[in-house]
Structures are given as structure tokens and as C-alpha cells.
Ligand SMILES: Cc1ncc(COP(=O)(O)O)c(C=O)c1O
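This document opens with one chain alone, in C-alpha cells, the form predicted alone.
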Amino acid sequence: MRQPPHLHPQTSSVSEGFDPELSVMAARPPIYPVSTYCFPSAEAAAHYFEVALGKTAATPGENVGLIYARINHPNAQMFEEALCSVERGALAAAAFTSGMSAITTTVLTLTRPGQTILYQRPVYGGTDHVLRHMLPDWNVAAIAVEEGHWREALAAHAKDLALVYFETPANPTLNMIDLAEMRAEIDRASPSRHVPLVVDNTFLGPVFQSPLEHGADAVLYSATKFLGGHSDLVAGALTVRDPEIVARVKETRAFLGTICEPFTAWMLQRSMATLWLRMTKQSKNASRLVPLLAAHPAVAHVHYPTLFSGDQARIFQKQCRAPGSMVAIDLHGGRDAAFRFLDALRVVRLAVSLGGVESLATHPLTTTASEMSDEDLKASGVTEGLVRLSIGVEYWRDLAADLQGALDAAGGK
């Protein structure tokens, strides 16, 4: 059930996509653990399949019926509509079994053998593996472009370019990309055709950054993180400006079987209602803790948007609404100091992942980025002493005391 168009995303995220009249007047969405759906007629069944397989387009406003849970189901559709309502500029969305399945399904849809993908480091280790080690086996080249060399790279690959891929902020250094500038550069290099700009927006989510409003064509999420927000599910998501892209991706998703299953999609929609509350609280907590981290003698550098300078500060001010809750710190003493810090934490948990209500810390070089080559690690700024922090919703003074004690341990106090 579409809400009035003037509603703020904080409001629409609570109930968008759900009509109580379709669910015995339940106040919140039920779970539909159903594998197959009945058709009102043979003609309707044929039409549903034609639309689902991309043979024909649904007419504007048409409510195309359900077929089979590998293709579509009510809980995925409700979450997708809720996500569309909070992603500024989005006209369609798709839900997936994981962030990596969202990435791979989208990339495989938009790319053909013999084409090239350009991207900028760092990217998440799993994404790096797909780009650098899997796609070449399918005759797709993925080329990392150094900052400042984009114009030459785009010109060199204008004819064979499938898409341009960014994380912004990047994992784990929080490096940011000016999306409007990159959109303009891509269009200058390929004036005769539109090359998709694909952005992983997991770190800031739809709350604090809207890539579609800055020139992106597709926005990817590990919905496991802030969209889910409770470290109790694994899922992924895609939002787009052009519904035709999602229609193509959903066709691929149907045959790969990467759709998010009903219970997880139901949990995601549950979490959407508190998305603004959680992310706002987490960002405020991180902003309070960053000065403590920056002032401690054990810390060589803090990566956080409010501390950016120069071009990075300009991008943050232009493109983002808040700094978010992801922080990275470089510790004096390298890996030994990082491990002392991590082992001394008591409130903050030592674990991979991020974006949950609990605060987490990890050492990217030996965990999430461990498959990256030494060259990529160096180019990405992932050092031996780098620790990534995901700040949760706990009382910030408890977190401050925990971090202070761990930093003292890292510095040998």
C-alpha cells in the first residue's frame, strides 16, 4: 500500500509496502512461508511468466501476481517497497540472500564476456575476490584505477566498459568518491551510450547518503549490516533509478536463486521501522568517541568523516548528511598493538561484520581483507595497525571507558 508521496522516509519506512486489508487487518506484516502461488486463470499464469521472465513489461500500475518463491514472494516485495521509500531517487529495488549475492547477481546482469569493469580501491575483500579472481575466468577484466587517473582509464576502456564500481565510504578506510564528478567523467568518456555507475552504500546507508541523487544508477547494500541492524540475518539489496535495471537483475536472480527468503525479508522489514533511530544514535555515539580516539597517544591516525581535510572533506560536506558510525584507527606499533587493543576490549565485541546494535571491532588485514594481495593492501591503505570499529547503540560513556582501557593496553600502559 503506497503512502502519500509527501511523507518523510522516517514515516514511510514504518509501513510502506504493507496493506493490512490484504492480511486480515494485521497491524504489522505477517510471514508468508509459501513456495508456490495459485493463478486466477491460465491466461493470467501465462502473463505472469512473461513479465517475470522479461518477455513483456508490466503496464503502469499493474499488480502482477505471484508465481513461485524463487521468483517473487510477498515478504520480499514488501521489503523492497519499504526500501524504495527510504532510498531517495529510487524507483525499484530487489532483495537478495546476501550482500555478495546482490553484488554478483547485479554485476553478472550488467556485464558480458569481453567487457571491462573499472573500480577504485579499497573495496570489501569478498568484492575484491569476485572482481580480481572470478570474473577473469569468465573473460571479464576488472581493473583497479588509482585516484587521479580516472580520465585516462575511462578513455582507454570507453568501448568495452561494462560498468564503473565504487564503495563510498570505502571499507575499511572510509575513503569517499565524488559521485557527481565521476558521473560527468564517465559521460564525457562515453557520450554515445550510458555506462552504469554502481555504488556500494553499505557504510552510510540510505539514511546518511543518497548515491542515486548524485549520479549513481544502482546502489548496493549488504542488508546484513545497517538495514538489518541486529546481527541476526544475512541479506543484500539493490535500489535503482531505472526500473528496467531491476527487471533485468530480477530475471537473473530468478535463475540463480538468489532471492531473499520470506523469513529474512520479514525480519528486514521489521528492522526498517527503526532504521533512522538506530543509525542516528550510532552516528551520535561515534561522533562523541572520535575525539577520545584521536587524542590518545597509541593512535597514529583516525579515519572518520568529521576529521577529513581537503578534497575528502569537500566530498563529505557535499554528498553526506551525517558521518555515520564506522571508524577506523591506525595504531602505533602495527599488528602487535592492534591485537593488544582488540584483546583488551570488554564491551566492544571482537567480530567481523558491522552495522548492528552492538559495537564491534576487527583487524581487516587478517580478516575481511586477508585475501587481498600485498599490493592491493598497500594501495588501499590497509595497514598492520588498522582496526575497524562499528559503533553501536550502547551508552557512549561505557564505550568510551572500554576504548580508553583498550588503547592504554595497546600503548603498553
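Note that residue numbering begins at 1 and tracks the sequence as displayed. Quick caveat: nothing in here was measured; it's all calculated off a predicted structure.
The following text describes the form predicted in complex with the named molecule, which does not appear among the structures shown.
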| property | result |
| --- | --- |
| Contact segment among 223-231, 156-164, 178-186, 282-290, judged by heavy atoms lying within 4.5 Å of the named molecule in the predicted bound form | 223-231 |
| Contacting member of Phe339, Trp266, Phe316, Tyr124, with respect to the named molecule in the predicted bound form [4.5 Å, heavy atom] | Tyr124 |
| Contact residue in the predicted bound form, chosen from Leu83, Ala94, Ala235, Val240 - any heavy atom within 4.5 Å of the named molecule | Ala235 |
| 4.5 angstroms heavy atom contact with the named molecule in the predicted bound form for Thr258 | no |
| Contact of Met100 with the named molecule in the predicted bound form (heavy atom, 4.5 Å) | yes |
| Contact flag, Tyr304 vs the named molecule in the predicted bound form, heavy atom cut 4.5 Å | no |
| Proximity of Leu354 to the named molecule in the predicted bound form, heavy atoms at 4.5 Å | yes |
